[in-house]
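Okay, so here's just one chain, in structure tokens, the form predicted on its own.
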Amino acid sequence: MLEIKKKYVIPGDVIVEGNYKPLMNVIKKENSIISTRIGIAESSKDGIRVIPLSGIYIPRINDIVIGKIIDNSSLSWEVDINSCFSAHLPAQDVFGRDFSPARDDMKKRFAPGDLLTARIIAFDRTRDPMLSIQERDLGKILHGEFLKISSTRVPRLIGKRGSMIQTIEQATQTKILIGQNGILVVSGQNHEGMNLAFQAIKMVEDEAHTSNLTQKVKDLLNVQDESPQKEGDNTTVGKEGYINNNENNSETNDIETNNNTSEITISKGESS
């Protein structure tokens, strides 16, 4: 597999020629992979993609997102997912098929301002996205502080095999939940570590297009490079599944909620 390292492209640029699979923000024309966005082209074992330098979040089925409850009707909750589309979480998804608006108090489960992790299960641009929390580790987020970044920066924040986010978490002793919609929730034992994590995340967002970003983040966090692994040493654990990229990634359930490790309450400021 040809490895492409930080190739800047604009719509219409030919990224590579050959038998490669088009993934995100690219198309295949004859034997060429062509960019459809302004961004950074990169390759993986699955194919070729372009990480956009700007843009709003467009929902995709199977995306794991972090949203904020805005309001509820008699049958569903309206959820802000940092997009031009509002999402909806059906009450039956939470209460079950025997849900009754007259009997079940929806606000006791989710009230305006609550944060949750959910999966997008339906969306076709003719109607708002439909959410579900019927999986392990999805549902209400009880602890942490949320912040918003551009959804186009999420792949860079995660890094290859989760290397970037793992570095930030370990150095700051925090846990960072990442939604593909650019909403993050950071929890930790102390405010100093939390503030340092926020600084590192802000650096990644502001300098995602620059070179040597990993080293800049390590310098900010005062992280020393480890000695190279010996051949055959397989003790390093990758974190490819931090989010589901909806690109042949079977590990779609790896966002971890950790509601017992933080005493910091959720900030309920407006995310819009």
Partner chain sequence: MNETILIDESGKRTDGRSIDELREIKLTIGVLKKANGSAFIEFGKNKIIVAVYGPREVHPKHMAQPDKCVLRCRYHMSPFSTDTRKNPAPSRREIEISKVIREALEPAVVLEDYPRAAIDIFVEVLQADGGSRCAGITAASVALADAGINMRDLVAACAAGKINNKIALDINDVEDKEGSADMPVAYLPNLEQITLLQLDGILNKSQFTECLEKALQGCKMVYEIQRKALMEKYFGNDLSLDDENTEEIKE
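Residue numbers count along the first chain shown, from 1. Just so it is clear, the model here is predicted, and its values are computed rather than measured.
Another form exists, predicted in complex with the partner chain; not displayed. Remarks below refer to it.
Asks: Can you tell me if residue 45 lies within 4.5 angstroms of the partner chain in the predicted bound form, counting non-hydrogen atoms only?
Replies: It does not: once the partner chain is placed as it appears in the predicted bound form, residue 45 has no heavy atom within 4.5 Å of it.
Asks: I'd like to know whether residue 210 contacts the partner chain in the predicted bound form, with contact meaning heavy atoms within 4.5 angstroms.
Replies: Answer yes; at least one heavy atom of residue 210 falls within 4.5 Å of the partner chain in the predicted bound form.
Asks: Counting only non-hydrogen atoms and a 4.5 angstroms cut-off, does residue 18 reach the partner chain in the predicted bound form?
Replies: No - in the predicted bound form, heavy atoms of residue 18 and the partner chain never come within 4.5 Å of each other.
Asks: Can you check whether residue 102 is within 4.5 Å of the partner chain in the predicted bound form, heavy atom basis?
Replies: Residue 102 lies outside the contact set for the partner chain.
Asks: So in the predicted bound form, are 85, 125 and 214 all sitting within 4.5 Å of the partner chain, heavy atoms only?
Replies: Yes, because 85, 125 and 214 each have a heavy atom that approaches the partner chain to within 4.5 Å in the predicted bound form.
Asks: When the partner chain is placed as it is in the predicted bound form, which of 112 to 120, 189 to 197, 157 to 165, 93 to 101 ends up with heavy atoms within 4.5 Å of it?
Replies: Single hit among the candidates: 157 to 165.
Asks: Name the residue from 40, 221, 203, 69 that puts a heavy atom within 4.5 Å of the partner chain in the predicted bound form.
Replies: Of 40, 221, 203, 69, the residue with a heavy atom within 4.5 Å of the partner chain in the predicted bound form is 40.
Asks: Counting only heavy atoms, which residues in 18 to 54 are within 4.5 Å of the partner chain in the predicted bound form?
Replies: Sequence-ordered list: 25, 27, 29, 34, 35, 36, 37, 38, 39, 40, 42, 49, 51, 53, 54.
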